[in-house]
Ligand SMILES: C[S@@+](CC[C@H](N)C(=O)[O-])C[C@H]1O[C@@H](n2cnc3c(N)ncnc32)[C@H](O)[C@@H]1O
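Okay, here we've got a single chain as structure tokens, the form predicted on its own, with questions on binding and movement later.
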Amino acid sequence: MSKGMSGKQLAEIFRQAADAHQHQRHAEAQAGYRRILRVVPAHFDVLHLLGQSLIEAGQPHDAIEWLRKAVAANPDSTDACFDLGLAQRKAGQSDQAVQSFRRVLELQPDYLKAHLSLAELKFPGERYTTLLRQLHQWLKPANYVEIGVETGQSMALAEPGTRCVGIDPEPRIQTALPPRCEIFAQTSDTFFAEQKLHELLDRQPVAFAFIDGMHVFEAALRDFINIEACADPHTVVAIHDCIPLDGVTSARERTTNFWSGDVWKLILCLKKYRPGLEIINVATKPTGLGLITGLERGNRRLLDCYAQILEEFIPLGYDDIAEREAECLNIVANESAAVKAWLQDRRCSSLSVATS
């Protein structure tokens, strides 16, 4: 072995460095990895582990050097490429990080951590659930309708005094729900065909609704139509997944674990067919939250044009709007003060927005 070191000696140095790494003695681990690299400069595993240790030790700029070498030694390693992107993101090199994460997805399209990291970069700030909680606090709605309850995470954000109606064909409630909450284990289409939402809400208009059901455009469109039939101009409707992360994850067909579907087309549809609506699309993690008010009970334009709308919007793909995404989708920054001011200007909800 060159430089006076045997294979057995290198193996022992690696064992000791790996043990130090496992127990977070990063300086010791890094010294051992560097000793090996002086003998075997292109050792992929050691280059990768040294980069990981530097990230964990809070030294992302130093990690980038070694992870670049690791990727050069093994260009098809998704893990090394991901860690390079992670180091670049932590070092503030956002554009380079996006390139690294995109490379990961070229190699492995369903690499979940790469999708989540891209969402972190595209959508800075809090998750959509934080904004939902704030909306409940600001609006203090008399009632709340949620389509797509699933585990109950978002339903649980409602205020204790709010009358809540949840709709989900297979609810799997895993959290305590507000006391005035009723869950209907039905698809939303079946619910609106069989139930009288107006009566469930004590003949009051819907004050606040959240649509997070099936992740396809036409289902979200039908849910909006059915909510509007029980709404008034002060109603606020929030719609999840209205800003695509990329073309693959925002397509109609699900091919990846991270998937938002083509719900985003609803914003385009409403802007064209219902120009009187007030619409903003807040850039919350992981795929945006659309907010709509100014609804008009009795307006039949969406119903009357339903077949035409599907023919027009279903064929669209993200590439059709990618270069003008912010303009096409009415995207605004994830800044709670600005969102609250937008609501106050429109006196949203059956109650005016709380001033506190």
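The numbering used is simple: start at 1 and walk along the sequence shown. Quick caveat, the model's predicted, so the values are computed rather than measured.
Here the subject shifts to the form predicted together with the named molecule, a form of this protein not shown in this document.
A heavy atom within 4.5 Å of the named molecule in the model of the complex is found for exactly one of 115, 136, 215, 234: 215.
This chain lacks the partner; the member of 87, 147, 243, 206 within 4.5 angstroms of the named molecule in the model of the complex by a non-hydrogen atom is 147. Between 69-77, 118-126, 185-193, 91-99, the stretch whose residues reach within 4.5 angstroms of the named molecule in the model of the complex through a non-hydrogen atom is 185-193.
Using a 4.5 angstroms limit between non-hydrogen atoms, residue 167 touches the named molecule in the model of the complex. Heavy atoms of residue 130 never reach within 4.5 Å of the named molecule in the model of the complex, leaving it off the interface. When contacts are judged by a 4.5 Å heavy atom cut-off, residue 257 does not count as touching the named molecule in the model of the complex. Among residues of the shown chain, residue 153 is one whose heavy atoms approach the named molecule to within 4.5 Å in the model of the complex.
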